[in-house]
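Only one chain is shown below, in structure tokens, and it's the form predicted alone.
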Amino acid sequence: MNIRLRLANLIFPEVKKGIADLEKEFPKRQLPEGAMVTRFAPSPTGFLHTGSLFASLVSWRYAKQSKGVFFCRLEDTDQKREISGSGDKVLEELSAFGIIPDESFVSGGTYGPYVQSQRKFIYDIVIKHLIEQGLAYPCFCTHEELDHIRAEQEAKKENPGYYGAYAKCRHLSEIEAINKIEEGKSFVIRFRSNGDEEKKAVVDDLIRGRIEFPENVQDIVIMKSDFLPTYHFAHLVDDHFMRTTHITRGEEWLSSIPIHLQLFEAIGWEKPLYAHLPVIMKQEGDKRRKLSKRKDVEASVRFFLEQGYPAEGFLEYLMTIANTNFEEWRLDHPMANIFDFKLDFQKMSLDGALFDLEKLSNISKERLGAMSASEIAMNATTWAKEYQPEFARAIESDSHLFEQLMSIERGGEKPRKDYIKYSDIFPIIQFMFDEYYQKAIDEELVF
């Protein structure tokens, strides 16, 4: 038996299928020419970030306007950080803005499973293939040995990492690796890089144009000691076999491009197209920084839902970030559905977009002002039932009165625009209900 095959069989004794079987099981999608297959791939580690909603909106719109497919994959391979139920919550929050995947880890689909931890059989097949081809190998280095390598590199002022002469296990023979595994040694699987720092990895980013990086020389980990894949490897496998055509993601992933290109080229798969979106920033004094989960309430989509910002207004605000010509289009089409506007990668900003709460408030005010009395009454009632029970009870006590109140100065050339969000309504109109009117009178009479 071929010694590499023996090593691969030792690591994956249950794997009987090959890559050709996966190609048949997950064939290319039958879609119209030019149709895009895009995705949103959250980790179940917390709330939906505003930047993630922005990226999802862009991915979803490109799929919809090209008559393609938008799917949602749950990336749960870092199980130490997983928060139970947060993946489902993310989909609920997306749906509150009308962003509903065609395929997901809830609704399913032909190209599933849509949860990475359930796709292990796919990763195993591909990693076994890479070992057989000499493109991957087991690494037995301990944390202490890796720390020693790092200290040596720092002392010599060399680039840190596992590469070249520092990649100790790269130079083990297959027989040595087999012996260590049979002895029960713990290991990870690393990709055998053929990169050269003197050469360039080139990507034609759909937003930023041609970008060059030094090739990747690191022998990155592709399978952890728990036999689950790392992000870089899962991206390669999942986006190939889910037939993703366009990867839209934040610009913080640009530095990973050399690794991803190298992986696709090594295995001989067609690369998806990449579009790296601007990161949403916040002004702090005279500096800009990324929206922070820990510091900024605006970083959480949940904040805007609880406050009652209309979904229409929030999405429209994000569209102004997505394309520089959207606001000009809106002036020419003041009452049009925002999705009549076609997104264009060439019209996206290259710089971080500054989150502007005042601008969001103005847009939300315009969208609420443009609603009919029945529309705003229905939307406000739905919001109140979930987030403000006292308001909901008042509405239910006299829903006809509430809709009449919402019709005041609505319509015409200059409709009322004193509401920014649904939570603004009740404090302004509550005295019109008998219970709250009497309460206000009693409070006024108390000296």
Ligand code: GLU
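As the structure is a prediction and not an experimental result, all values here were calculated from the model. Numbers for residues come from their place in the sequence shown, where the first is 1.
Missing here is the form predicted together with the ligand; even so, the following discussion is about that form.
The ligand is not shown here, but in the predicted complex it comes within 4.5 Å of a heavy atom of R249. Using a 4.5 Å cutoff between non-hydrogen atoms, R61 does not count as a contact of the ligand in the predicted complex. The shortest heavy atom separation between T381 and the ligand in the predicted complex exceeds 4.5 Å. When contacts are judged by a 4.5 Å heavy atom cut-off, Y231 counts as touching the ligand in the predicted complex. None of V69, L48, A41, M406 but one reaches within 4.5 angstroms of the ligand in the predicted complex through a heavy atom, and that residue is A41. Distance criterion of 4.5 Å from any heavy atom to the ligand in the predicted complex singles out W253 from the list F339, F213, W329, W253. Checking 393-401, 61-69, 33-41, 414-422 against the ligand in the predicted complex, the stretch whose residues place heavy atoms within 4.5 Å of it is 33-41.
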